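In structure tokens, the next block holds one chain alone, the form predicted on its own.
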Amino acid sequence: MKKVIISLDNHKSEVYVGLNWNEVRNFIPASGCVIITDDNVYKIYGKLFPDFPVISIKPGEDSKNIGTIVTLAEKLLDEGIDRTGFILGIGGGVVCDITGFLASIYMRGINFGFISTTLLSQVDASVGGKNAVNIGKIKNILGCFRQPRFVICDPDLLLTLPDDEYLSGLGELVKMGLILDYNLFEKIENNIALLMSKDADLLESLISDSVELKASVVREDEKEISGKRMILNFGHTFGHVIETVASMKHGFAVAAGMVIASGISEKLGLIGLEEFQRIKSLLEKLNLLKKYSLDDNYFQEMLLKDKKKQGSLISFVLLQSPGRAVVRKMTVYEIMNLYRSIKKQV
């Protein structure tokens, strides 16, 4: 078991990788707690939950909206939750986003924590304090930064994941290696068979590496003020559009976005063709690259609504090499012209 502490100016968040999730009883209050989960998680694990009121939502991105937040807030009021209350989110990225956002605004903020049940949320979504909901097809446009008191990442929970959910998490894992740590990228590349078989020791090691890397970024730039944290958006500018329009799971869409961003990086001379092909090959071996068809004009329209846009510029994340990313401010039209020049490669 590994404990990673994210210490910030006025808050401390603790992430436990490899801890049995039932140990959560040692981290939550004896009363005044409500559990938020989704129907899939509740069906598998609900009988083992701590003895508190449970609110279960419909799984998936469709639940990640302000209407869900209002409904859940009303249920918290019905349960008598006040400013001393606590919300425990048990689920993947959607449950963590909803729990964190709700806890951040309910009575101007109450404490919360997560049991992360998917690979995607263990390596990324549950760590770092970003909480958001969507408006229509625009992802994460309403949100805030607020850290959970704790996150428990128990790799044993991944054994019940459907294959596509597990693979989706691998997309974010590869991303962390590409932008922050060549050794992590190489470790994934050299252990594909073990990774695909959900080897417990390997998973705990990779999740720990990813959490440590993300924690280092969050400590330096919690609210994306200096720009360091923006590198975590690698693959997401195009990926979010693909996810929404092609109804693709997040990690697969990010994988597609990473290929595009890597292709643009190669076009700009930041990485070589061999490096681009190596990145694309790894994503193919992990079964992360799915076919999609999107009109260039629609890509452009959605990029103009990207939350990272400032005036006419988007902070676009590029690769200087596997393990090192750079943020460059570019116009949507520059990005789209580069995309059109490399789209046959991606």
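A residue's number is simply how far along the shown sequence it sits, counting from 1. Because the structure is a prediction, the values reported are computed rather than measured.
What comes next is about the form predicted together with adenosine-5'-diphosphate, which is not displayed.
- The putative spot formed by Asn40, Val94 and Thr160 is fully lined by adenosine-5'-diphosphate in the predicted complex; each residue has a non-hydrogen atom within 4.5 angstroms of it.
- Stretch-level contact check against adenosine-5'-diphosphate in the predicted complex with heavy atoms at 4.5 Å: of 78-86, 130-138, 208-216, 116-124, the positive one is 116-124.
- Among the residues Asp181, Glu189, Glu165, Glu275, the one placing a heavy atom within 4.5 Å of adenosine-5'-diphosphate in the predicted complex is Glu165.
- A heavy atom within 4.5 Å of adenosine-5'-diphosphate in the predicted complex is found for one listed residue only; from Leu304, Val70, Leu313, Ile44, this is Ile44.
- Contact check for Pro59: a non-hydrogen atom falls within 4.5 Å of adenosine-5'-diphosphate in the predicted complex.
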